[in-house]
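Before any questions on how it binds or moves, here is one chain, the form predicted alone, in structure tokens.
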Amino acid sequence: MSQSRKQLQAKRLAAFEEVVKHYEAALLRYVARLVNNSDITQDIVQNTFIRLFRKWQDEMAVSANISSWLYRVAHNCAIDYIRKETRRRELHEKHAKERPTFAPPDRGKGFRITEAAAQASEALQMLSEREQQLVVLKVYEEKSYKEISEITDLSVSNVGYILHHAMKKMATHLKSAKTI
């Protein structure tokens, strides 16, 4: 292998490592909120980066294009996993219609989830799968409507419509929880 080819590979690998370093934590958070399984989350994010390394032909650098692409691939992989698990669960456990509850990771002795955060999480679980995905992207991942549109393959106006109604549902649920 020629010296210049080795240098190009080393440069590409360094750029790839920088992209992984920049986006890994955010993708892990996003996928974890979708699939509620830390092992599967890590697999999905790892596969997302493997696909990036194999597919990306342009110069690899932290950018909006790579961000949208990574979120879209991670989103699609997570949705594929969710669909596969749903079908499997329906076949093997017809009587169990509820999704398993998500146990957040242990963050140490001093970490406490506030009552408001617990109520917001409960309200989020009341939404449909699509609504949950959009709320997570908007609220937790702080994505714009345009970015959410690119990730989910919905129109920007559809994203806004779904988010508006999802937030209204959550607000109604939170208000009813306070009156009880």
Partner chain sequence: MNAAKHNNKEPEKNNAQATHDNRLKCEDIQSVLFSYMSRELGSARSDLVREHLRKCPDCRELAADIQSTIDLFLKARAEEEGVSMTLSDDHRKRMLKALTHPILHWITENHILVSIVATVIVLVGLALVLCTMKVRNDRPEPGPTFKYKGADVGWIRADIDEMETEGNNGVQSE
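Residue numbers count along the first chain shown, from 1. What we label the rigid core is the largest C-alpha set whose atoms superpose within 1.5 Å from one form to the other. These numbers come from a predicted model, not from an experiment.
One more form of this protein, predicted together with the partner chain, exists but is not displayed; see below.
Heavy atoms of every residue among Leu28, Gln42 and Tyr145 are located within 4.5 Å of the partner chain in the model of the complex. Residue contact with the partner chain in the model of the complex: Gln46 places a heavy atom within 4.5 Å of it.
At least one heavy atom of Thr114 is located within 4.5 Å of the partner chain in the model of the complex. In the model of the complex, the partner chain sits within 4.5 Å of a heavy atom belonging to His164. The partner chain is not shown here, but in the model of the complex it comes within 4.5 Å of a heavy atom of Phe53. In the model of the complex, Val135, Lys138, Val139, Tyr140 are the residues of 127-141 with at least one heavy atom within 4.5 Å of the partner chain, listed from first to last. A displacement of less than 2 angstroms separates the C-alpha positions of Arg12 between this form and the one not shown, with the rigid core held in common.
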